[in-house]
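Taking the form predicted on its own, here's one chain by itself in structure tokens.
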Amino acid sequence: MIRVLVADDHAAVRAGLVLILEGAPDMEVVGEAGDGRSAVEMAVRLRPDVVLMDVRMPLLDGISATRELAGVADVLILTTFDVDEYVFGALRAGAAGFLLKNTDAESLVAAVRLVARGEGLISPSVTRKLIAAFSGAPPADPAALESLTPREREVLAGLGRGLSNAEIARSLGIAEATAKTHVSRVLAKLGLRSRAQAAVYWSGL
């Protein structure tokens, strides 16, 4: 069962999202938050698999909340805005995905499943912007790379190829839970916030 926390400051929108997610046989909405600060506190306490996060919220905006949730839960940003500051800000903060609110119910459920499996997802309408923004990969830090164990380097290579946790586990002959632990350690050692950032990092090696 995929545990989801829904964070949106509009009660009607939250209710609609909850209705859609609860309609999926493999999902359970474990909490609802009306502001970013509550979203962070609830995520830390409830440990959901995925946080569905609106960008514009009171007390703490969705991007800042996403930054605070790095390593706690995967965040799927859902917003009506696809302007650069939100797209890039969300991904720099460590969001696992970015969808527009006009996404249909079926696509929303599919996106939550992808993120829960350790994969990233970007709305097609913003992909072109990302390609342009990330065409120049950041330089790799030799000292940070040397801190990785041989196994962690193999995991980083898997992230660079866009593999999910399950796919990394199969390719290395390890348990999926072990792969997830290695991914977390790789991100921490390299100072990265998300799998997307790890893929860009790997492309610069």
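Quick note: we count residues from 1 along the sequence shown, nothing fancier. Small disclaimer: the values here were computed from a predicted structure and weren't measured. Here the rigid core means the biggest group of C-alpha atoms that line up within 1.5 Å when the two forms are laid on top of each other.
A second form of this protein, the form predicted together with the DNA, is not displayed here; the remarks below concern that form.
Colleague: Only one of 49 to 57, 63 to 71, 144 to 152, 32 to 40 has heavy atoms within 4.5 Å of the DNA in the predicted bound form; I'd like to know which.
Modeller: After filtering at 4.5 Å, what remains is 144 to 152.
Colleague: Is Thr178 near the DNA? Define near as a heavy atom within 4.5 Å, in the predicted bound form.
Modeller: Because a heavy atom of Thr178 falls inside 4.5 Å of the DNA in the predicted bound form, the answer is yes.
Colleague: Looking in the predicted bound form, any heavy atom of Ile174 within 4.5 Å of the DNA?
Modeller: Taking the distances in the predicted bound form, the answer for Ile174 is yes, it comes within 4.5 Å of the DNA.
Colleague: Given that the partner is absent here, does Leu187 sit within 4.5 Å of the DNA in the predicted bound form, heavy atoms only?
Modeller: Although the DNA is absent here, Leu187 would touch it in the predicted bound form, with heavy atoms inside 4.5 Å.
Colleague: Does Leu17 reach the DNA in the predicted bound form if we count a contact as any heavy atom within 4.5 Å?
Modeller: Leu17 lies outside the contact set for the DNA.
Colleague: Since the partner is left out here, which residues of 184 to 201 would have a heavy atom within 4.5 Å of the DNA in the predicted bound form?
Modeller: If the 4.5 Å heavy-atom criterion is applied to the DNA in the predicted bound form, 184 to 201 yields Ser184, Leu187, Arg193, Ser194, Arg195.
Colleague: For Arg56, state whether the C-alpha moves by 2 Å or more between the shown form and the other one after rigid core superposition.
Modeller: No: Arg56 shifts by under 2 Å between the shown form and the other one.
Colleague: After the core is matched up, is the C-alpha of Gly16 off by 2 Å or more between the shown form and the other one?
Modeller: No, because once the rigid core is superposed, the C-alpha of Gly16 moves less than 2 Å between the shown form and the other one.
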